[in-house]
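Have a look below at one chain only, the form predicted on its own, in structure tokens format.
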Amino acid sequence: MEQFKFIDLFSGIGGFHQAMEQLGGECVFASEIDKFCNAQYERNYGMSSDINIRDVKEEELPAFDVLCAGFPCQAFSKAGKQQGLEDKTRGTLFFEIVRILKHHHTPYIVLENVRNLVSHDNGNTWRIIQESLRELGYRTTAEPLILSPHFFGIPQIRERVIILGKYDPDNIDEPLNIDLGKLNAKEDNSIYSVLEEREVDKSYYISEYEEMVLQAWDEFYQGINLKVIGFPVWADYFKYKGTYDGLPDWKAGFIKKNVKLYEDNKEFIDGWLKKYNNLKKFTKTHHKMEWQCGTDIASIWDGVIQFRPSGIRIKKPNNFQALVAMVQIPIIGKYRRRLTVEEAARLQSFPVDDEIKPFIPDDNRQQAYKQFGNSVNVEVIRRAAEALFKN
């Protein structure tokens, strides 16, 4: 389709809007209840999204060709008489999509949801969604379509269910053929493809305390005789002499591995603990380290680092983990700083570098991270929709 109209439901900051516009689409309606997202939507697209879809009558919507929605995942009702699929979806936000499609029979639908939608509520949620779309006359893919930005050269592991549909009630039993071409493997990507090499705002750089903690753990990794660590390192359990009775098997197993690690490297670890005063200046969670890089890197400073409640996690620098809540902003070891807002935007394929029409992130950094973390990935949606339109 060269030119088409679309509606953007649960629109956030417009990930669908970006993807559809790149394919030649014109947005004729948007709906979102988050006031901060509404402000950004109007700022970037010049139209209001400050509308609760529950308050909109389906017959009042303008004509459109594509329905886009990143709808929340909710369990469907199992109570009552369950007279039909429409009754089962009532009360959920997916029901809002159902009632709109029932009235408009829009040619195409592009929906996005979290990976575990497929297994949510023991598969009941996915089954009802599929049955509802079929009942409305939509052909879909035979199997759930699970896509991630890293498939398309964007260094982020973020698996999501993409639900594509074409209104074609006469051929309802013929699954959609979605050809996405050759997809990248995780190892094909590099985080540096989205990172700034220049100096960024000083507020992104790690603190002296964080540098001290990371330097200590880097020295630890360099000094021990184990380079592939398949368990979390818990410094507080190196000299554990207690009982294992009553402990969950997984925890007892990790403690035993830490005790063995200590015994195999006793001289070095004793010196390391002495140098850092038994980690007394470290917060409790920083007594833990998770090395998830195998032997692909030789230093913490070559990896992607996160300070997490479970400890300090180090991963290979080929991909970032999913930018979800963005509570623990990733640290790029090589640059000794956190991911910037603009870099987070690139990981979600928002065109912050476009010279003609750049996307402008929220001025509040935490809001910007949250908004990108909650958004659909523009390139994933664009590629999926492009393949759908060829059906």
Ligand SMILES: C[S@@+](CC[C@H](N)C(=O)[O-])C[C@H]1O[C@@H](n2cnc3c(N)ncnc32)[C@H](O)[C@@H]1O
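Position 1 is the first residue in the sequence shown; the rest follow in order. These numbers come from a predicted model, not from an experiment.
Below, we turn to the form predicted in complex with the named molecule, even though it does not appear here.
- Not one of W126, P144 and I162 comes within 4.5 Å of the named molecule in the model of the complex, counting any heavy atom.
- For V380, no non-hydrogen atom is located within 4.5 Å of the named molecule in the model of the complex, even though that partner is not displayed.
- Mapping the unseen interface onto this chain, P72 counts among the residues with a heavy atom inside 4.5 Å of the named molecule in the model of the complex.
- Although the partner is absent here, S48 is not a contact residue: none of its heavy atoms lies within 4.5 angstroms of the named molecule in the model of the complex.
- The named molecule is not drawn, but in the model of the complex it has a heavy atom within 4.5 Å of F10.
- Checked against the named molecule in the model of the complex, the candidates L180, L136, I269, L93 yield a single residue with a heavy atom inside 4.5 Å, and that residue is L93.
- Shown without its partner, this chain lists V341, I53, L347, I332 as candidates; in the model of the complex, only I53 has a non-hydrogen atom within 4.5 angstroms of the named molecule.
- Heavy atoms within 4.5 Å of the named molecule in the model of the complex map, among the stretches 333 to 341, 58 to 66, 361 to 369, 31 to 39, onto 31 to 39 alone.
- Along 361 to 390, residues N374, S375, V376 each place a heavy atom within 4.5 Å of the named molecule in the model of the complex.
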